[in-house]
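Listed next as structure tokens is one chain, alone, in the form predicted alone.
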Amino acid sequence: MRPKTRQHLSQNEPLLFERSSPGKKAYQLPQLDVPAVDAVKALGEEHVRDEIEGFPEVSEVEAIRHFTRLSTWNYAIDHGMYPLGSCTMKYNPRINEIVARLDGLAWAHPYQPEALSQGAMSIIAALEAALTEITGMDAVTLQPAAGAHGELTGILMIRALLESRGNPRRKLLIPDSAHGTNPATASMAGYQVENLKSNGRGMVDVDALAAAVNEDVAALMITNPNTLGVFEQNITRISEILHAKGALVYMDGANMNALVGITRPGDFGMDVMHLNLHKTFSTPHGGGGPGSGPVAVKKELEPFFPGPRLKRSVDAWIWNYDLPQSIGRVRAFYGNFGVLARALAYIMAHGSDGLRRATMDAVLNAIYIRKNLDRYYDLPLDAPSMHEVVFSDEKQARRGVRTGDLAKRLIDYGFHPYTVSFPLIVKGALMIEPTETEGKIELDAFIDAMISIAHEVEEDPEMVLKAPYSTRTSRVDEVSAARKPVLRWRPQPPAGKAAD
């Protein structure tokens, strides 16, 4: 039996300017029982604003309903799961939001003196200590403002270390399973990029790596687990190969959602890595921000951290600017503080056992989806899944249906689409990351929807090719839409009548 879709009616909503009628107000007050005052005379002409020409005039109920209706057009984490995972949006406990909005934290001014910032500085110190333990590294800086920013910081530190040894070297090795920001970071830091092809199991080919490492190689930038959701099982051997040639290993930690409390990158040979607090440790990241990209390093890289560094004096926290080998500031002030407060609240609320359980739930959820869908969608790799699973559209492509079509049909079932056509090394990829916060009922509803769509492809592929049907705008020409966006919805004319 097909699952019921989660459709609801969404009537056309005019702009407030179109609802406007002269003389309407959003309030009603009784007649004055005191003499009226001329605002210009009382306040001065320079303090009284002219009426805004063309400003919409609507009633209170019209204003409320307008914005409430608009809010229902957006998919939100409070509505349902995001199969594209922690990279954009997962559910985060509300307590973390409350903590970050405490007056003493939310209203702390970045220019206030150290003597008035001891609480905020204590939060920074506690978070650095927690992340150092979680990663198995020796030191952490919280200054970078996002993941790619942390990448650049880490690679600049590697360059500075190698320069101090007499040769910054010329190349960075980057597997094809790494995140797409890695090559951009390498180029910005002045390095050439050499790509490494994955083996048949979606992992780094150790023999090919060994052949590629020479005296020109500064470091390997590796994502682990990689973008295929696969853990690099030879990671210790990989780090040994690099270290034997005097090169370093940089780990993209965007997928720490699969490792926290289970294993530590510092223990399997990583020299420097970044974390995405807004992915792993609780900050809603949908819509582009804010983010935080702390960098954790082994001891030999610590002198090159961006300054200033937090330091404990006799009885207070201070900022230390005496850092002769520092790569310099990478951000004004010190990190995105609201994100730091949320992350520490998340870590402290979970504790070590809770963080481990969250990781295990994330991995379990991905495996559960894999086991329930592997009969219906192609699995391109014979390797265990971690926190995410990557299918391909190979079975559906035989009927002319591709991953983008499947994603659009999924909208009709009330779910946000999964990550489409990524990673690029899998043709027609469907990348699904359920995260640790989704329960079995929600996962089963998603699985039922995906199975139903697979059946539709076999029975009536044209139905999927024309989806979605429940959205306010039907399928568009995406190339034309990108080049000539039309931002106002226009209802279709009744059958037999021409459009305006």
Partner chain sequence: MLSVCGVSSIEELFDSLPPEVRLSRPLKLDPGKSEYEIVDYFRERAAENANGYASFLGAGVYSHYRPVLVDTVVSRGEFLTSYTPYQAEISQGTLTAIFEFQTMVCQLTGMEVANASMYDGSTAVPEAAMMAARITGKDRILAARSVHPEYREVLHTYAKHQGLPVVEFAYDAESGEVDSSALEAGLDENTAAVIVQTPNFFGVLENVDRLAGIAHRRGALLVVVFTEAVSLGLLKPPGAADIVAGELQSFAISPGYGGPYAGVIATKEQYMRQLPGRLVGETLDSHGNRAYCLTLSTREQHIRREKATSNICTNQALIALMATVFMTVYGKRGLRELAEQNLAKAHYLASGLNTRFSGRFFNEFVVKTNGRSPEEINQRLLDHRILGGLPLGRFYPELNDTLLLCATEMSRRESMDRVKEVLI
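Numbering follows the first chain given and starts at 1. Values in this document were obtained by computation on a predicted structure and should not be read as measured data. Heads up, when I say rigid core I mean the largest set of C-alphas that superpose within 1.5 Å between the two forms.
This next part talks about the form predicted in complex with the partner chain, which is not shown.
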Which among 317-325, 210-218, 389-397, 294-302 is in contact with the partner chain in the predicted bound form, heavy atoms within 4.5 angstroms? 317-325
Contact test, all of Leu142, Ala254 and Ser313, partner the partner chain in the predicted bound form, heavy atom 4.5 Å: no
Using heavy atoms only and a 4.5 Å cut-off, determine which of Leu162, Ala130, Val206, Leu379 is in contact with the partner chain in the predicted bound form. Ala130
Scan Ile241, Ala341, Ala429, Leu196 and let me know which has any heavy atom within 4.5 Å of the partner chain in the predicted bound form. Ala341
Proximity of Ala63 to the partner chain in the predicted bound form, heavy atoms at 4.5 Å: yes
Heavy atom of Pro461 within 4.5 Å of the partner chain in the predicted bound form: no
Quick check on Leu443: any heavy atom within 4.5 Å of the partner chain in the predicted bound form? yes
Residue-level question: is Arg472 within 4.5 Å of the partner chain in the predicted bound form, judged on heavy atoms? yes
Quick one: which residues from 355-373 get a non-hydrogen atom within 4.5 Å of the partner chain in the predicted bound form? Leu355, Arg356, Arg357, Thr359, Met360, Asp361, Val363, Leu364, Asn365, Ile367, Tyr368, Lys371, Asn372
Core aligned, does the CA of Gly439 move at least 2 Å between the shown form and the other one? no
Given a core-based superposition, decide whether the C-alpha of Asp448 shifts by 2 Å or more between the shown form and the other one. no
